[in-house]
Every structure is written in structure tokens, then in C-alpha cells.
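Listed next as C-alpha cells is one chain, alone, in the form predicted alone.
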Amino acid sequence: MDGPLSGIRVVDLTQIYNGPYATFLMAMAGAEIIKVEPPGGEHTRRRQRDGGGAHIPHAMLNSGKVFVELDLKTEAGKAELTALIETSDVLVENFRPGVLTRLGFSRERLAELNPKLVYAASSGFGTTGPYRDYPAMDLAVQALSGVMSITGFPDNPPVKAGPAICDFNAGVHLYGAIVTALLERERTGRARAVEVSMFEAIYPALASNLGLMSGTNKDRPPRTGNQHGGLSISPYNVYACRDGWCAILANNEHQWRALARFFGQDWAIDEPRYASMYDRVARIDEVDALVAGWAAGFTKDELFRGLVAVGVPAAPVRELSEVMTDPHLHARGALVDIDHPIYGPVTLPTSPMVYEGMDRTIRWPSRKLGEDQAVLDQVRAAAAEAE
């Protein structure tokens, strides 16, 4: 079965993580993604030369795309891009604001070339405002957005979140904005420009911490380590066990009672000091010490399976190597093992968006730089016919 975006052609000028993830999601939904790379390839392709596994992000984010190489600083390259624009439904870019205009493709020019084109842009801080021209990588946005200020333990320096959360959060928002604009075009005929800022996209994820700041620590929400970001749930932490660590939390009274019974600590159910979530939060360090003592005699698998069986959220802290081979992710088709034509055996993600009637797999692996250059001949022919 064709995907829900089959028949949609996208000019993909994106690079690194933010934009490429949005267009990857579109590719996995059936869209034709024409990935336009500069001479030598975009940044993640060039990183692979170090031999240290840096090729994996490029392979992950560019499955199911068609690859062409264009030098947009030349008239020939601009002519090829013009033909692509004239025959496409969407153009996506995550350059610094103003770059595409300087290349001769302002918003007004894009509308002239193709009134039905949805133009989508993403950047660190948006196309207007005082921060417009700030260079933005995930680390910089984590720092400026407050993410780093709330990550880590109270007595230690701020720490970045391990994943590139600002890049990928913006990528998901960008995908949503594009698809929403396509729906509007389908309904009204209007092709709207859309924009997503990494800085703005990550802000809602700070909800718990903003709540804490508004409640008690109005100057700066503290770094809460592995405790709840709003310090409003207890227990909520990562606890040492015999062979590692296990995350355990009790989000309500039922879960607290089930937790106490599992550990054989029925006394804690009726103990007035722990009678409600409010009471437990008021004694958060005391409760953490209790649960840590109870958990220390178990393995992380015993805790995981035992607590989940009685309805208490828990999970072992796993290494990435364990996650890559996770039987659940592979059984659902969320991860697939392939023999990549360039990189050899790799484990790649499919789209987290599952569509009824579509097999959950990658459409095809990422390809060599310019491997699909011949598609430009077809595009030129289509553009000439349209004239």
C-alpha cells in the first residue's frame, strides 16, 4: 500500500539532524524526498571519514531519499534547483536565516516559481527576533533554553542532556508543521510558509521544571538529578541494585501500596509520614533512602519484572548496546538490521509513526553522494513541459 504522503515531492536542502529527521519522517510516509547536497556532501556525510562510527547518523536520517549533488553558488546549480522547485510540493531547509535569500531564493521568489509550494524552514532561533543570527547547534540551544541548567545533580555543574533533544524535537515539530500546511493546501489551495525554531520547540518539555520554579524556587529551578523535575512525585529515582541500576517511581497511592507490598514493607502503607504523595514529597530524601535500601538486595531484572507485574512503573538502566538489540523494538519493526551498501551491517530505526496497511521498514538505505543525479533530467523535462 502507498504511504499517506505518496505523490508528494519534497526538495530537501536540510543538513545534520533537525531538518533531515523531518524529511526522513516524510520519506517513511511515502513522500519522494530529493536530497540536495553541496559538493562533497552535507555535514553528516563528511563526518564518516573519521572511521569512528560517525556515518551512523547519516544512514539513520537519510533512508528512503533520492540523492543529488548541486553547487547552489553556481548559475547551473541554481537553474537545477529552480526546476526542482517548480515541480515540487514542499521545500525544506534549515540553513541559518537569510542564506536561501542570499542564494536568490527568497520567500517571494519561491512563491513566483511555484505558488503551490509549501516552504518550510527551521533554525536555532527563528527568522526574526534578537537571536535570529546566532549560530545554533544542539548544545548551544540546550544551554540558552535552560535545559542544561536543570540537568545533573544540585552540587555539580550543569550537564547537557545526552541525546540531541533540541535538534530532534524541532524535527518532529517541523514534520507536523509541513503536514499541517499540506492539509491546508489540500482544503483551500493556499500554500503557506511554516517555520520552527529549536529554541521554541524545546520549551514545552520544561513543563515540570517550570512548575517547580513557579512554586518554590522562583529564581532558578534546581538540578534534581534523577528525581522528578518538578519534585512533585516520590519515590521517583534511579536506585542501585545488585547488578546495576533500576528506575522506580510511584505516581499515585495505589502504586505506592503495591511497591511497599512487593518489597514486603506493608508497614509503609499505613505509616502517617508516607500517607500521601504530599507527605512523601515533603520527605523525598527519606523516601529515596528507604526505597534504595529495599532495592539493594535485588537484581535489576528482578526489580523490573516484579514491579511491573504488580503495576509499578520500573525499568532497568540499560546500555545502548542492549537497546539496539531490544526484542520489543525489533518485533515491532521499530528497529531493523540491514546490510547497508556503503556501511555494511547496521541497525537502523524506521519511523515511530505507524500507518495502517504499510510494512514498517525502511524504503531503501541511504545512498552515495549524487547517486540519483539522473533524476534531474526527469525534473527538467517535467518543468519544461509545464511551461
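Everything numeric in this text was worked out from a predicted model, so none of it was measured. Throughout, we count residues from 1 along the sequence that is shown.
What comes next is about the form predicted in complex with a further copy of the same chain, which does not appear here.
Only one of Arg190, Arg273, Lys73, Arg242 comes within 4.5 Å of a further copy of the same chain in the model of the complex through a heavy atom, and that residue is Arg190. Of the residues given (Arg109, Lys160, Lys78, Arg257), Lys160 alone sits with a heavy atom within 4.5 Å of a further copy of the same chain in the model of the complex. Residues with any non-hydrogen atom within 4.5 angstroms of a further copy of the same chain in the model of the complex fall in just one of 79-87, 262-270, 288-296, 119-127: 119-127. Although a further copy of the same chain is omitted here, in the model of the complex none of Asn114, Arg363 and Val375 has a heavy atom within 4.5 Å of it. Heavy atoms of Leu303 never reach within 4.5 Å of a further copy of the same chain in the model of the complex, leaving it off the interface. Proximity of Leu91 to a further copy of the same chain in the model of the complex: non-hydrogen atoms within 4.5 Å are absent; the residue sits far from the partner. Put simply, Pro352 is close to a further copy of the same chain in the model of the complex: some heavy atom of it is within 4.5 Å. a further copy of the same chain in the model of the complex comes within 4.5 Å of a heavy atom belonging to Asp326. Contacts between stretch 315-331 and a further copy of the same chain, counted in the model of the complex as any heavy atom lying within 4.5 Å, involve Ala315, Pro316, Val317, Arg318, Glu319, Leu320, Ser321, Val323, Met324, Asp326, Pro327, His328, Leu329, Ala331, listed in sequence order.
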